[in-house]
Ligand SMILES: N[C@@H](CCC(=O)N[C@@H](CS)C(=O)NCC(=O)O)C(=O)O
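One chain follows as structure tokens, the form predicted on its own.
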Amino acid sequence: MKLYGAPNPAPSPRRVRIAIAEKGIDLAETPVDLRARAHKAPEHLALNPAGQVPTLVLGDGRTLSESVAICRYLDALHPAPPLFGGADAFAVAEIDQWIRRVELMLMLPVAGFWRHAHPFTASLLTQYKDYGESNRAATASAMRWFDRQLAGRASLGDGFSMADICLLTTVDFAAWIGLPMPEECTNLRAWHTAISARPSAAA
């Protein structure tokens, strides 16, 4: 297998690196230069027509993209430790629930700010600054919601999972682009400190 990705702060490739580190899989990442738009080059579009990273190329030439899909595939090949809930059907569904909540409630406003308010993306599209800036409040509101859900909990599901990986990478990317965690989010901050201390978080 060959994995194409990009270094931090790109959140989606980092998800896969964390999952690989958690499972101890020997799979190196081939970097794709996002600033040089290498992910939009014909050779990469042949592997991933969406023009994104990460992209996983299997030994037989088949490809997978989308970070959660790649991690689910790797989880099936290397079941221990499970990252998508392994105890029962409810545990599996609960992780999917939390992943969707991270994506829809937090990632969407972070992406809206990144695309429409950040100077790094100004040359890539027509930015609507008012819309972009409106995502500051939406991001903070989502973080406060996750803060409430994490009261008395060490993880989103029953143990560390892909949901925690998704939330960690999103919170860290948000901070990098200028959307820090609200000061009052003590539960989220404690969770973030604990998850960031895992060796895989440095992947």
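This one's a predicted model, so the numbers in the text were calculated from it and none came from an experiment. Heads up: residue numbers just count along the shown sequence, starting at 1.
Keep in mind the form predicted in complex with this ligand is missing from the figure; the text below concerns it.
Annotation: in the model of the complex, residues L3, R17 and R62 none come within 4.5 Å of this ligand through any heavy atom. Within this chain, S161 is remote from the site of this ligand in the model of the complex, having no heavy atom within 4.5 Å. Though the partner is left out of this view, S67 does reach within 4.5 Å of this ligand in the model of the complex, counting heavy atoms only. A residue is said to contact a partner when one of its heavy atoms sits within 4.5 Å of a partner heavy atom; G157 fails this definition for this ligand in the model of the complex, lying far away.
Among heavy atoms of K40, some come within 4.5 Å of this ligand in the model of the complex. Looking at 148-156, 51-59, 134-142, 22-30, the stretch with residues near this ligand in the model of the complex, meaning non-hydrogen atoms within 4.5 angstroms, turns out to be 51-59. In sequence order, A10, P11, S12, P13, R15 are the residues of 5-32 having a heavy atom within 4.5 Å of this ligand in the model of the complex; the partner itself is omitted from this view.
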